[in-house]
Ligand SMILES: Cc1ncc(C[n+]2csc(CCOP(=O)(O)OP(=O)(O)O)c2C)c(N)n1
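The chain below stands alone, shown as C-alpha cells; this is the form predicted alone.
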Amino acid sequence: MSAAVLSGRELAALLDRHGFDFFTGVPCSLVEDLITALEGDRPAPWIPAVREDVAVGLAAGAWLGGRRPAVIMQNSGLGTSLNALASLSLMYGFPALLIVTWRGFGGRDAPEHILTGEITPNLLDLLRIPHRTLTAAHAAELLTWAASEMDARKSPVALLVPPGVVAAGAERAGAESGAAEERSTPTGSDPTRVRRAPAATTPAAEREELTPVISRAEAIAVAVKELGDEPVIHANGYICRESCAIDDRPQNFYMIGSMGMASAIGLGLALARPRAACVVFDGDGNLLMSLGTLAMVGSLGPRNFVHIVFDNEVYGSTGGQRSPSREVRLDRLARSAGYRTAAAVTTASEIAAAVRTARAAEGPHFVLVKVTRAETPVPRIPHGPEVIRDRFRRSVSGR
C-alpha cells in the first residue's frame, strides 16, 4: 500500500490511540475500509445511524455519558446536520470529531456531488467549526490537533477526507478472509458492546381508541413521581418547560432547540452507560420528525432504555397544528420496530403502572401517553445551555 494511503485498520488504531471510544455515522464509500474496521470485534462500538443529524445526537448523548465520540458522514450529510450542529452541538458545547468525506473534491465526481463539494469548507466556516484536511502522512498529528481542539473548545471539529486518503475496497492489503464475519454486531460479554433486543413479548389486548383524560403536565407529574435518580432527556418545547416547573433536577437534560433529537441523545447516553437506566420524555411531533430512531433502538436493543412519548396529537408550541399521530398509533410503530414492550395509556394510574413496569424489567420499553391538548402556563427554562450540559453530565458521569 502506498504511504499516501491509510488502511481502515490504521486509521481506526489512530482513533483509538487518541481516546476516541464511540463511533457512529452514515457510511460513505470513501471510508468504506475504515467502517469495516470499526465494525470488527473491538471494545468501542460502531453505531450505524439512520441519518447524519441523528448521529450528531447520538454523539452528544455519548459525550454526556463520558465518551469521546466521532461521527462519520459524507459531506452531503453535513447539510442534513446543519440544524443539529447549530442548535445542539454548538449551542450546548458538545465535543465531537466529525470525519467528513469530501465528495466532489476538485470538481471531479458525479453531478450530485459537485456543488456540495465546492461549498463544503464554506459550510464548516459558516458554522465556525474548525477543520483541516486529512492526509495519510500527517494523520497522527491531525488527530492530536482534533482531540485537543474539541476538548479545549467544547465544540465539534472536522477532518475533511478527500478521495484516495483512506484505502478503497480494491486497495486493501492483507484483508482476512473472515472480514464479512467482522461486520456482524458483537455479542460478547463486554457490557459496552451493542446487543440485539430479546424477542418481543406478545402484546396484551389493545384498545382501538385512546381517549385522553389528563393534560400533559399532569401526566409528566405522574411519571416523574415514579422515577428515582434516572437521567431524563427531554424533548424541546413545553415538555421540558412543564417538567422543569414540576421538578427541576440536575438529572434533567432540557432540549432548547434541535427538535426531534431527544430520542437520539437518549440512545447515545444509554449505549455509553449500558449498566445505568436512561429515560426519554418525548413528544409526538418530536418523535415523528426522527422516526428512524425507533428502528435503531429496536435493532440495538438497549436494555436500559425507557422511551415515554406524551402525545397530544398537535404541535402545541406553534399554535396547535394537527400532528399525524392523530391517525397513526406510535406504540404500534415502536412495537413493529423491535421495542421489547410497547404500552399505550391514558389515566394517571395507568401511567404510574407503566413506568413502574418499565423500570423493573429489561427493555427497551416504549410508553405512549395520550394526553389532552391543554397547555399549562410555565416559564422558559431558567438555565443556560452550558449550565444544563454541565450539571447533567456531572450527575450521570461525575465529570
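Predicted model, so just to flag it, every value in this text is computed and none were measured. Each residue number is its position in the shown sequence, starting from 1.
The protein also exists as the form predicted in complex with this ligand; that form is not presented, and the subsequent description refers to it.
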Exercise for the section: Considering only heavy atoms, tell me if Thr144 and this ligand come within 4.5 Å of each other in the predicted complex. Expected result: no
Practice task
Examine Leu97 and determine whether its closest non-hydrogen atom to this ligand in the predicted complex is within 4.5 angstroms.
Solution key: no
Problem - is_contact(Gly104, this ligand) in the predicted complex, heavy atom dist at most 4.5 Å - result: no
Handout entry: Ala168 within 4.5 Å of this ligand in the predicted complex, heavy atoms
Key = no
Problem - Stretch from 313 to 321, 297 to 305, 244 to 252, 145 to 153 whose residues place a heavy atom within 4.5 Å of this ligand in the predicted complex - result: 313 to 321
Completion exercise
None of Ser89, Thr120, Asn286, Ser81 but one has a heavy atom within 4.5 Å of this ligand in the predicted complex; the exception is Asn286
Problem - Residue among Leu159, Met259, Ala277, Ile129 with a heavy atom within 4.5 Å of this ligand in the predicted complex - result: Met259
